[in-house]
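Before any questions on binding or motion, here is one chain by itself as structure tokens, the form predicted on its own.
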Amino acid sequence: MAAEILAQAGQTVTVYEQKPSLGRKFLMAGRGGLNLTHSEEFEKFLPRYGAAEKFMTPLIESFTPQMLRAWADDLGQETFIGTSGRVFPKMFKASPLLRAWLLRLEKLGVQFKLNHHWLGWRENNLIFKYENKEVAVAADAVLLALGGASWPRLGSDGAWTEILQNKKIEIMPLRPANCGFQINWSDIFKNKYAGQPVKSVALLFNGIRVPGEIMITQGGIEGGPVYALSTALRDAIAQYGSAELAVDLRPDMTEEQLTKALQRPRAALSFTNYLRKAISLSSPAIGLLLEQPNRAELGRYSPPQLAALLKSVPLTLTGTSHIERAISTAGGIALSELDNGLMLKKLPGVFAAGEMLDWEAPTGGYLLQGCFATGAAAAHGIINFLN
């Protein structure tokens, strides 16, 4: 986005990319459908940025979700609003949009230098490693958009943190965001259910309730509702060493309705078959219930006791999944290091944008919107600097 705005303003722009091709993480983001932004009102949209809301507000007000949709439409990639309010290209995938975008940039004269790994500065020149040689590049202004540390094989490996710290730039520790969490499953449970979803549940933590579907992994859980709560869960684990997440296995039924359904005679049915027949509980959901330390006693629970547990099955989270597997990254360049044009105050002429800044947001279109908005803001900051 920054390259496009700068080129349209008549600037000579060169994009340096350490991978053999462009937009690898953008393509990964669109693997299950490219969620560009969200259609909700600003009153709900802006608080999604949590502690960085004040910082992000003027940036997103300057490059709004409506502007992002208009930009995609102008590239021939018309968008639509899904039932959840999320915005997608009608083609749904990222690749058609990326191809149209790169073609536009080429027509604007933007040059691309692939397989260039940034090493830092030497005598005010940018130094890149290219084909086992060092290449020095002089620039009137520089925009760093190097990502966080999730999915490093796609290019965002976090190696830039040391370079900037050596320049006395404050870097907040990089942490996984929109991530899965670790749970000490029993061998029986993880061997049987890893890779399977538990559908139509609701997660509860600190008074926040998020419905959806979770995925069982060998080491814990993932999924949309987990990602939505990931900031609060991650911070609780950092403070207390663990976090207790509650799972409502039947959010479509009240506790009273479950109690009534569970008063049905069990007869000769096993406990698991009884749960399947009485309340239509799926096999993975039953397995989740049976991960409780007192599993041997559950069959003797009264209907009210069992109903209460089904509405709030406790899971102890012991840690986050590795940052390499996280959807995005928290931490990065401290926002106090930037001026209003996203220039580093200690490095005049050097700007930064995207995920390498210290902001985070949930999935749902907020991440890409934030990246586009910071890129646009940095581009305008560079134009003002050069003028």
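Quick caveat, the model's predicted, so the values are computed rather than measured. Sequential numbering from 1, following the sequence displayed.
From this point on, the text means the form predicted together with a small molecule, which you will not see here.
Peer 1: In the predicted complex, which of the listed residues (D248, D157, E222, E291) lies with a heavy atom within 4.5 Å of the small molecule?
Peer 2: Of D248, D157, E222, E291, the residue with a heavy atom within 4.5 Å of the small molecule in the predicted complex is D157.
Peer 1: State the residue from K190, H117, K311, R276 whose non-hydrogen atoms include one within 4.5 Å of the small molecule in the predicted complex.
Peer 2: None of the other options qualify; the answer is H117.
Peer 1: So in the predicted complex, does any heavy atom of L367 sit within 4.5 Å of the small molecule?
Peer 2: Yes, L367 sits close enough to the small molecule in the predicted complex that at least one of its heavy atoms falls within 4.5 Å.
Peer 1: Since only the chain is shown here, I'm wondering whether P176 would be in contact with the small molecule in the predicted complex (any heavy atom pair within 4.5 Å).
Peer 2: It does not: once the small molecule is placed as it appears in the predicted complex, P176 has no heavy atom within 4.5 Å of it.
Peer 1: Going by a heavy atom distance of 4.5 Å, is F112 a contact of the small molecule in the predicted complex?
Peer 2: Output for F112 is no: heavy atoms all beyond 4.5 Å of the small molecule.
Peer 1: My question is simply whether G354 lines the interface with the small molecule in the predicted complex - judged by any non-hydrogen atom within 4.5 Å.
Peer 2: Contact check for G354: yes, within 4.5 Å of the small molecule in the predicted complex.
Peer 1: Looking at the small molecule in the predicted complex, is some heavy atom of each of A373, A377 and H380 within 4.5 Å of it?
Peer 2: Spot residues vs the small molecule: no contact at all.
Peer 1: Looking at heavy atoms inside 4.5 Å, which stretch does the small molecule contact in the predicted complex, given the options 117-125, 248-256, 264-272, 291-299?
Peer 2: The contacting stretch here is 117-125.
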